[in-house]
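A single chain comes next, written as structure tokens; it is the form predicted on its own.
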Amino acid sequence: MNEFFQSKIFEITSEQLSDLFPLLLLSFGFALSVIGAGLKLSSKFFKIIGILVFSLAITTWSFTFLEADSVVLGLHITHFSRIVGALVSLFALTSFVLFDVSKRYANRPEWLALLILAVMGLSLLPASHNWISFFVFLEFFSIPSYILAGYDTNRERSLEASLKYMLTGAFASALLLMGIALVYLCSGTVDYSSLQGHFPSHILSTLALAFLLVGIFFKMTIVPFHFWAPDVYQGAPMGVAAFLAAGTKLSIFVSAALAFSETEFYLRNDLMNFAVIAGTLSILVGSLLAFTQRSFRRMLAYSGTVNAGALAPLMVLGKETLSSGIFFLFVYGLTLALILSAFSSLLKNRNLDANGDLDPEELNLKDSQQSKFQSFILAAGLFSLAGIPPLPGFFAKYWLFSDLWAQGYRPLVMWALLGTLMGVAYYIRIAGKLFFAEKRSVII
């Protein structure tokens, strides 16, 4: 036992300690939130702790962006993992502040502890160095996410969302674990670097890659593993939906891209074929279903499936195209948080549950007259998601589609453009109902 703790894995230099500092901050914040929950402290305490912990995590991650890659306690801390840590903390801070969760759940302050755990899991995932740690960190953030999705226990839809998310997530995790087992069976290792050039090409290895993609595509809400997303988007508390939609996609996208790059799986045609087919289906199915929705939050869920479809091939291509995907998900995450925050305010002004839902057809000119600022933010956010210039969403989509075009996936870009055009149609329809009165025919 003593020899184990004296091994080099526990030797930490001052430079390596700076890489661990954001995680130590999050751990300290988790401990404070648990103690505060036990002592039943006021909601103001949790609000201060949440804002401080996430703000300091963002700052400390940002200061280490340009530092060299390091290996500390078995974690591979890279430039990309630091970016993910900072952005995930930013998404958590945005949701925490915009949706004022500390006040809403004043009698149930465990919310903050669960959110910090989810942020830690999402931040650790890109630092994985083998498929086992990938699976462990995936479950690290999944378990608190299941609880957060059903945290609004007064609403039946919230409990239903949590149950569906947990059951389908457990099934996807089992398939991912089966894929990892098959990877080990084919090569005798699950370490990323050891798999380079040592992964055979036969039917069993293809099956292993298929199972790996099922687990990853489930979290990315890529067709045909997207069915849980509309229920979670609609049933989960508004802040949770905003955080999960942005943080989960970003962390999984970067982590999978790094894993496929370091294992050299991205060189395999079967992996790329899976990704292109699933991406194309996601764009088509997501666009059609989003267009027909009579629920604002479910429409946003299917819109997220469309966006994930364009990201699927980039995720498999490795490190070369990571920058455009990260920028796209950064813009998408902040835009979605603003949209849901503005929508929640509109629901409050109608004396409805702030975590509820509404048929987009029920929005009208009266909403914008009563809440001009919120309506403007909602419309601007929807136009940004649609990719209308000069909003940030346009530049994010342009960079993303340019990378896909440069890599030779031109048919997929054409389908993505078609999905974008359909998105413009249902986004503009919602904005039009907010700012323009309906013309009524007069019968004389």
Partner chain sequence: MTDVLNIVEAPLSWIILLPAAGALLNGLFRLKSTLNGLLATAFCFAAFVVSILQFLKFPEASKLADPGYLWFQAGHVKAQMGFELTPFMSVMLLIITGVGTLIHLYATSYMSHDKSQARFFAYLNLFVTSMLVLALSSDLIGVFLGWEGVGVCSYLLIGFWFEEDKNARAGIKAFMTNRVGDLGFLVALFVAFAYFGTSSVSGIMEWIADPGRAAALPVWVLTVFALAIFWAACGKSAQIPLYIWLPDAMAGPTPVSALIHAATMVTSGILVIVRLWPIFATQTEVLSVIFWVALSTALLAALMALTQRDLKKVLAYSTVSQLGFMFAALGAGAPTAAFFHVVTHACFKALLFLTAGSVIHGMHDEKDIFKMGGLRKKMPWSHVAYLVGCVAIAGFPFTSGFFSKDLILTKVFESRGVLGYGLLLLAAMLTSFYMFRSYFLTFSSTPRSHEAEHAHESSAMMIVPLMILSLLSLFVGWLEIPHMWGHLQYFSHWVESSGAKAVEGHEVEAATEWLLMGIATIASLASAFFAYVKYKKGPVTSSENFAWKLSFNKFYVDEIYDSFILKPLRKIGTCLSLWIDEYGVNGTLHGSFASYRITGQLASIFHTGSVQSYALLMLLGLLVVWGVVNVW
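On a predicted model such as this, the values are computed, not experimentally measured, just so you know. Positions refer to the first chain, counted from 1.
Although it is not shown, the form predicted together with its partner chain is what the next lines describe.
Options 338 to 346, 164 to 172, 255 to 263, 121 to 129; stretch whose heavy atom lies within 4.5 Å of its partner chain in the predicted complex
One stretch meets the cut-off, namely 164 to 172.
If you check 78, 371, 206, 94 against its partner chain in the predicted complex, which one has a heavy atom within 4.5 Å?
For this set of options, the contacting one is 206.
If the cut-off is 4.5 angstroms on heavy atoms, which of these, 331, 354, 113, 214, is the one near its partner chain in the predicted complex?
Looking at 331, 354, 113, 214 one by one, just 214 meets the 4.5 Å heavy-atom criterion.
Contact test, all of 231, 273 and 298, partner its partner chain in the predicted complex, heavy atom 4.5 Å
Every listed residue reaches its partner chain in the predicted complex, so yes.
Although its partner chain is absent from this view, report whether residue 277 comes within 4.5 Å of it in the predicted complex, heavy atoms only.
Close contact exists here: in the predicted complex, residue 277 approaches its partner chain to within 4.5 Å, heavy atoms only.
Against its partner chain in the predicted complex, would residue 287 count as a contact residue? Criterion: heavy atoms within 4.5 Å.
Yes, residue 287 is a contact residue.
4.5 Å heavy atom contact, residue 226 to its partner chain in the predicted complex:
The answer is yes: residue 226 has a heavy atom within 4.5 Å of its partner chain.
Heavy atom of residue 267 within 4.5 Å of its partner chain in the predicted complex
Outside the cut-off, so no.
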